[in-house]
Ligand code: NAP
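Consider the single chain below, provided in structure tokens and representing the form predicted alone.
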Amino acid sequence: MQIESYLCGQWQAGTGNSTQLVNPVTNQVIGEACGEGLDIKCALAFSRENGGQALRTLGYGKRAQLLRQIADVLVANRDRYNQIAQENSGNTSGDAGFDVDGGIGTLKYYASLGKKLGNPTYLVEGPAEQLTRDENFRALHILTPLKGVAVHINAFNFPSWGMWEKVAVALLAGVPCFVKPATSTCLLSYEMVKDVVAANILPDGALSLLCGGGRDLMDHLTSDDLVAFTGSADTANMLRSNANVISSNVRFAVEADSLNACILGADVTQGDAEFDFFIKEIVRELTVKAGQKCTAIRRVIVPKASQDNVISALQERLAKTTIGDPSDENVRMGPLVNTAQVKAAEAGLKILTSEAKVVVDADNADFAVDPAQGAFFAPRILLCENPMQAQKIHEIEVFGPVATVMSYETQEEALTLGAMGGGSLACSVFTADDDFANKAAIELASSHGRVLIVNEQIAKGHSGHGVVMPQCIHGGPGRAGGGEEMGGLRGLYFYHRRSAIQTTAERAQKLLDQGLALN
């Protein structure tokens, strides 16, 4: 199957060497993608001139209607998408639904938000303020949609959710999208965009798709464009150090590597409800998507007295996890996305074992298939005896089902360890102690984009450590990239330019009345 790109309002095939897409269960080739030889500069210009102009003439409410129509198209094809996710990404039915429904749900959420915004075409921050002794001389700030293109570069692990969570906000803001999915799993993105294009929902140029290629993409951006990147920190640094990106001051947001932590409060012991939910959450994060999630738990921080009980509970629960072909309904965990990721996971694990020992390994795994057949990698639990003095466990992320247990003596030490990830997307804390919960919220906030604090009251009803909810911001400081996505209507700000308008009081009030005030 030849996977094409959608540029300048038409489907196009690249010329040159193709990249093969494989089924990670069998390593069989299921498609090829090539983006070489395509005119990226022309495609970006087409999006700016056609898609951007058309979207900006619509109010937020009308743009929201487009999102709802996209969601309806995707819902109608959900079963086919789940099958594609299984074949190309090795997803179980639950993993596939997690990705596909996550994208659809985000589109619906922003469609619902936008429906309430009406017909304004710009945002406004008021009230107007007096600037000098002249009471008639006022100033306010307005935010207008960027007149460029939103370039979305996405990771391989969420070809649906990772794409639509960005597209939903950008289109609602009035900015056309140029989507570059990871080539290895781009089949799902391709099929979804293909269905949306066939439904003739969006103006020409409002949504473009580049499958494969794109090596010169950064060279053709302007100061009106922006980039939202999800992937490795090394790739992000390479792209944003592009000479044109620097000279044009292209707006660039990054969601990168993240050593997310899960902390068990010192008040919780084995037998408590919070202990059981803590174990369950860690295992879920290790096995959903085979641990290939940017928000997955990588560091497990526990009281010294609970260390052995935590390891035993994790070992017991993981032993019940069947690994194999995701088409088998008895399988709970599929393979990594390809053999290259297996090699990367093995290399990372080797580095971690210089500071930690493996206490739960592949020998404990329940394989329903020959693990050498595809890209299978069993969960591993490591134990670091001296986490405060260690370095690699706080720096190296194994992008797969690997987590390191480390213990603490005091609450202060627990929170210090939590922040030693160098900036993370998410941290969760399981405790029944209200004082520790509030202290953790404040102390961990500066080093994390999101902090989830769980007790027995919300243990069954919370969304999950690794689930990105569109109502909340997604991103994190430091090594997590410093970016920020979604967060309800907060996400619109990234796609707008803020400007101070100095004018008469009457004209300032008119701008206020005609714009959309989010405050």
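From 1 onward, residues are counted along the sequence shown. Computed from a predicted model, the values in this text were never measured in an experiment.
Another form exists, predicted in complex with this ligand; not displayed. Remarks below refer to it.
Visitor: Consider the chain as shown here, without its partner, and state which of K180, H394, R380, R138 has a heavy atom within 4.5 Å of this ligand in the predicted complex.
Guide: Of the candidates K180, H394, R380, R138, K180 is the one lying within 4.5 Å of this ligand in the predicted complex.
Visitor: Could you work out which of L171, V100, L425, M333 is the residue within 4.5 angstroms of this ligand in the predicted complex, going by heavy atoms?
Guide: Of the listed residues, the single hit is L425.
Visitor: Only one of 196-204, 445-453, 251-259, 311-319 gets a heavy atom within 4.5 Å of this ligand in the predicted complex; which is it?
Guide: Going by heavy atoms within 4.5 Å, the stretch is 251-259.
Visitor: When this ligand is placed as it is in the predicted complex, are I301, L352 and A419 each within 4.5 Å of it, taking any non-hydrogen atom of the residue?
Guide: No, none of the three is in contact.
Visitor: Is T121 one of the residues lying within 4.5 Å of this ligand in the predicted complex, judged by heavy atom distances?
Guide: No.
Visitor: Using a 4.5 Å heavy atom cut-off, state whether K280 contacts this ligand in the predicted complex.
Guide: Contact with this ligand, no.
Visitor: So in the predicted complex, does any heavy atom of V429 sit within 4.5 Å of this ligand?
Guide: V429: no, not in contact with this ligand in the predicted complex.
Visitor: Is C294 close enough to touch this ligand in the predicted complex, meaning at least one heavy atom pair within 4.5 Å?
Guide: Because a heavy atom of C294 falls inside 4.5 Å of this ligand in the predicted complex, the answer is yes.
Visitor: Across 225-252, which residues bring a heavy atom to within 4.5 Å of this ligand in the predicted complex?
Guide: Sequence-ordered list: F229, T230, G231, S232, T235, M238, L239.
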